[in-house]
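The data below hold one chain only, encoded as structure tokens and taken in the form predicted alone.
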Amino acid sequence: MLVDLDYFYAQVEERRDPSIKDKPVVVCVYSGRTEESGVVATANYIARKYGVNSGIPIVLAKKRLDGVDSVFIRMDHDYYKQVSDRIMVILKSGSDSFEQMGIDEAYLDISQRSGLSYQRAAEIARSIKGEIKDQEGLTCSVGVGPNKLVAKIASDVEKPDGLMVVKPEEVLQFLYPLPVDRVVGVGRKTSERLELMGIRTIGELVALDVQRLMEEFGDSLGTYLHNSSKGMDEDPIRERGDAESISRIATLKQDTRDIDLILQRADQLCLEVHERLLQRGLGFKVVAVIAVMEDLAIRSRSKTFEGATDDLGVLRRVVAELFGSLLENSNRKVRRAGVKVSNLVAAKKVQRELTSFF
């Protein structure tokens, strides 16, 4: 089962202020540089009818809603996280195993409690939807299928507030009429390349020889496209720890490629991340840097260690190396800089010696 909370940030804001529910609602991440600088985080379905979608600049969203009685709201991540955490408790308690994919989405394995009955699975899905509605006043879309791939596609087809159950014998009939970009991971560029090959639907994709797909897209993606077109997916539900990552991001005073200016801000972010690590008693195995470029494109670099550490000096050094590498491979200026640590472990398992990383 894949449970996807409908237009989550905007729906939470509608619940917080019911008077805006019938208006276009746009939740924004403001950069702080000017009153309108930043991007749209999400929008309700009314706003989407005007072409306002996630990722577009706020100034463009306002242009498309010019003359319309609309609402623009600053993103309140801490509040959304509190709501999400409560809903994830509902989802986890209603599953055999549980894998949270983001603040608004999670996979549930319900094989045991459904007795492998799809009728019972549908009942469980309706119960979960009802509980989320009763306790939090929010709707979600649910897809049920024999694997994660089919469940995800099913949840996307029946939005908002939908429920789609796809039995194993119905998978091919369900998939074949759908456009290829319904396949998880197939974005605009891949779908455009497939269209040039005369492939627009999943049914047309499945008829294409796997060798041809591998020649066009490489062994890994070609094989994935072939298997996905047949509804094949063996990826299991992966239980995850409570603390997956800690990150901080900030807007720079000006767009720049000056590594010293970037690292001045990044050092402060490292201190904030490190303080949070110490509060939780955690160490990290992965360090990543994130850069939002002047054209709002997002770039990142990461490094993985064999053993975990909570050493601030290591964090700063690696962040400096990663930002240096990122700038060497891009000629654009950086607008926002971020630092993230992940693959977190309890402090008692932390390696104290730098030689553990060599």
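What we label the rigid core is the largest C-alpha set whose atoms superpose within 1.5 Å from one form to the other. Numbering starts at 1 and runs along the sequence shown. Just so we're clear, the structure is a prediction, and the values are computed from it rather than from any experiment.
Form predicted in complex with the DNA: not shown, discussed below.
Looking at 78 to 86, 167 to 175, 245 to 253, 121 to 129, the stretch with residues near the DNA in the model of the complex, meaning non-hydrogen atoms within 4.5 angstroms, turns out to be 245 to 253. The single contact residue among Ala320, Val68, Leu296, Leu312, judged by any heavy atom lying within 4.5 Å of the DNA in the model of the complex, is Leu296. Note on contacts: among Ser97, Thr190, Asn227, Gln264, the single residue with a heavy atom within 4.5 Å of the DNA in the model of the complex is Thr190.
In the model of the complex, the DNA sits within 4.5 Å of a heavy atom belonging to Arg238. Of the heavy atoms in Lys152, some are within 4.5 Å of the DNA in the model of the complex. The closest non-hydrogen atom of Gly324 lies beyond 4.5 Å of the DNA in the model of the complex. Shown alone here, Lys303 lies within 4.5 Å of the DNA in the model of the complex, counting heavy atoms only. In the model of the complex, the residues of 44 to 61 lying within 4.5 Å of the DNA by at least one heavy atom are, in order, Gly55, Pro57, Val59, Leu60.
In a rigid-core overlay of the protein, Val287 has its C-alpha displaced by at least 2 Å between the shown form and the other one.
Core-superposed comparison between the shown form and the other one: the C-alpha position of His77 differs by less than 2 Å. Relative to the superposed core, Val341 undergoes a Cα shift of 2 Å or more between the shown form and the other one.
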